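The chain below stands alone and is given as structure tokens, in the form predicted on its own.
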């Protein structure tokens, strides 16, 4: 008798292999539960019964594949989300860079840019922004386009301002943007030190000698094999004494690279390379 669960797993394996071989995106080591939910969302949007019915779309339909990519990288984010993290970044991490002539920062998996702009505002307020170069990367080009534009819905500002104040902000947040119609656009001065570029953590290479790497709430979607691959990438990209910041449900613990790092701030998941 055929096992439906086993058949579905075979179909998913076939789908992911197709995407990898045809499109160059490797989702084979994503956490299965999350991946399956997103695959089913894509199936429902087309009224499909079987996972294997998605395969021709992945092979031949660029628009559907782009939709799948967007679905795979859905993120929930705000400016200064997790204010306690950004307050710790402001008061206990960034001061370590004060003596450096040049500061290199990588925001990996930057999504639509709210986090990287939050960091830019902090650096500006502590007087270090002019010495910084921030690289903000994501594999989703649609998200990157939003991030580059620095434009967000006006109705999100109330939450952004609340987060900013809780994160230790001491300026008037309205000075960082101008409002028009139902949107706000961040001022050019906040965007000028940020380079947005396409980068796939699953398949792309080292990203320079960084003093600080932020990759928060991305690795929860990866299985242990892929997490270890990304940790190795970060380790090779981070200068000695540099800081690695992860999400609240992510950790270097149990990774082979754990001995190379000090737990700088345990609650905030901030690690320092020895």
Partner chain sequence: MTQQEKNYKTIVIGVSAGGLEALSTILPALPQDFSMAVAVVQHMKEDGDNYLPEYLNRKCRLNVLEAKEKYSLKSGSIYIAPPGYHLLIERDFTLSLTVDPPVCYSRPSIDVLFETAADAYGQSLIGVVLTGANIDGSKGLKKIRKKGGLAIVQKPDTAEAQAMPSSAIEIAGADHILPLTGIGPFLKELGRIK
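Positions refer to the first chain, counted from 1. Model, not experiment: these values are computed from the prediction.
There is also a form predicted in complex with the partner chain; it is not shown, and the following applies to it.
Peer 1: Find out whether any non-hydrogen atom of residue 220 is located within 4.5 angstroms of the partner chain in the model of the complex, and reply yes or no.
Peer 2: Flag for residue 220 set to yes.
Peer 1: At 4.5 Å between heavy atoms, is residue 229 in contact with the partner chain in the model of the complex?
Peer 2: Judged by the heavy-atom cut-off of 4.5 Å, residue 229 is well away from the partner chain in the model of the complex.
Peer 1: Spell out, yes or no, whether the shortest heavy atom distance between residue 36 and the partner chain in the model of the complex is within 4.5 Å.
Peer 2: So residue 36 counts as contacting the partner chain.
Peer 1: Contact with the partner chain in the model of the complex for residue 81, defined as at least one heavy atom pair within 4.5 Å: yes or no?
Peer 2: Judged by the heavy-atom cut-off of 4.5 Å, residue 81 is in contact with the partner chain in the model of the complex.
Peer 1: Counting only non-hydrogen atoms, which stretch in 234 to 242, 202 to 210, 25 to 33, 58 to 66 is within 4.5 Å of the partner chain in the model of the complex?
Peer 2: Selected range: 25 to 33.
Peer 1: From the list 124, 193, 166, 185, which entry has a heavy atom within 4.5 Å of the partner chain in the model of the complex?
Peer 2: Here the answer is residue option 166.
Peer 1: Decide yes or no: are 9, 253 and 267 jointly within 4.5 Å of the partner chain in the model of the complex, with each residue judged by its heavy atoms?
Peer 2: Answer is yes for this spot.
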